[in-house]
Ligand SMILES: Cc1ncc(COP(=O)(O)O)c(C=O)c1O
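Encoded as structure tokens, the following chain is the form predicted on its own, with no partner shown.
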């Protein structure tokens, strides 16, 4: 006996008929139904699945059931989950049912959106090719022969020394080269900390009520239970921390709602870690980009023995440069290196050499300053466009970072996203980032990545955005637009 469900066409692009078996539990039934949909071609490679909160509502199941099913299929290779792209059918998950004798052909490459304002990606056209090539050549010419061997799992000493100086100067980080481990980005850092048999950290892990679902899925796949911390105008409610062993925060610029963690709460979370013997995992994902306020240093600087800071160049340079760093308390270094293994298998030695030279030569600072000015100009254009065409829409989180949050009237987020799809405009809805177990009231909004388009495409993207925003409700006074963080 099976139960049939039809998922909404507006989320996937076509009706999806799922057969959920009554026996074996809802989670297993959903996993089986999704596998079958991929096998028979109803879910083609590259298809974006709905947020698990939306699918759970359609199917009448718990949101954790959908989240667990997605995480299991990601682990098995049927699905992929990427920052800013949601959960999609893996490219290699080709349908098995094919006509006898029919030639095998590669699926056509999906056409990209006409306009792209998704968060999480810097302007790809702004990558400093000339300066990076100069650093690459210098590093390659000057490198000793030893660097072309197996490599140090901690990463090249040249890069760790360069990062020690840069992070101290730019982010207020206190560390030494032997406490830095090079990784390939934040997700890799999370896997090193929470994945594997001999995991360095264990759950439960407190996380902010809004954050990247990809990170939650990664943790769920590793068997780590996450506990939601509510947010308010001063950031995460760290006073709600209880028996958790660690807490994951974005204190410099809460993702995605914006705003820094208040100074008193920064001190309070460090005090909690000291008292509980816990640790703060600090995601310093876009710490270089500040516009209307003074730079906010890393929480790690308050107590290097209670905070693990993880950063990368995915926002400042490009996600294609798979380099990040973990700044660790001394007691965690050996465990992370053991989790990583004796042979460096993630971060290219040549890329590490290039980044070290890029930092030491001053090219990294120059690039960040140039992009800070460019992104501030784009932020200003976004605010001006909204003020002119949709003054009833409140925009927040724009004093820093590469994205803004547009607060929408209740009940209008889905219709705005549907309108955006008709316009060929790629956007992220705020609901996608909400922790399924949070007790915060749901907010309707759009997360607008103003760094993503190239310069020549940005104006058209803003015009498309203004066309899809819901009109002002007839409720009296207009809502004012704010150009600073709350």
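Positions refer to the first chain, counted from 1. Computed from a predicted structure; not experimentally measured.
The form predicted together with the named molecule exists for this protein as well; it is not shown, and the discussion that follows is about that form.
Chemist: Does the 4.5 Å heavy atom contact test between residue 212 and the named molecule in the predicted complex come out positive?
Modeler: Result yes; residue 212 sits at the interface with the named molecule in the predicted complex.
Chemist: Whether residue 289 contacts the named molecule in the predicted complex should be assessed with a 4.5 Å heavy atom distance threshold; does it?
Modeler: Result no; residue 289 lies far from the named molecule in the predicted complex.
Chemist: Does residue 397 make contact with the named molecule in the predicted complex, using a 4.5 Å heavy atom cut-off?
Modeler: Close contact is absent here: in the predicted complex, residue 397 is far from the named molecule, nothing within 4.5 Å, heavy atoms only.
Chemist: Is residue 185 a contact residue for the named molecule in the predicted complex, using a 4.5 Å heavy atom cut-off?
Modeler: Flag for residue 185 set to yes.
Chemist: All three of 26, 52 and 68 touching the named molecule in the predicted complex at 4.5 Å, heavy atom to heavy atom?
Modeler: Not one of the three qualifies.
Chemist: 375, 194, 364, 255: which sits within 4.5 Å of the named molecule in the predicted complex by any heavy atom?
Modeler: Going through each option in turn, the one that passes is 255.
Chemist: Select from the listed residues 226, 312, 135, 352 the one whose heavy atoms reach within 4.5 Å of the named molecule in the predicted complex.
Modeler: Only one option qualifies, and that one is 312.
Chemist: Which single stretch, out of 230-238, 186-194, 297-305, 385-393, brings residue heavy atoms within 4.5 Å of the named molecule in the predicted complex?
Modeler: Looking at the other structure, the answer is 186-194.
Chemist: Given a 4.5 Å distance limit between heavy atoms, list every residue of 253-287 close to the named molecule in the predicted complex, or none if there are none.
Modeler: In sequence order, 255, 283, 285 come within 4.5 Å of the partner.
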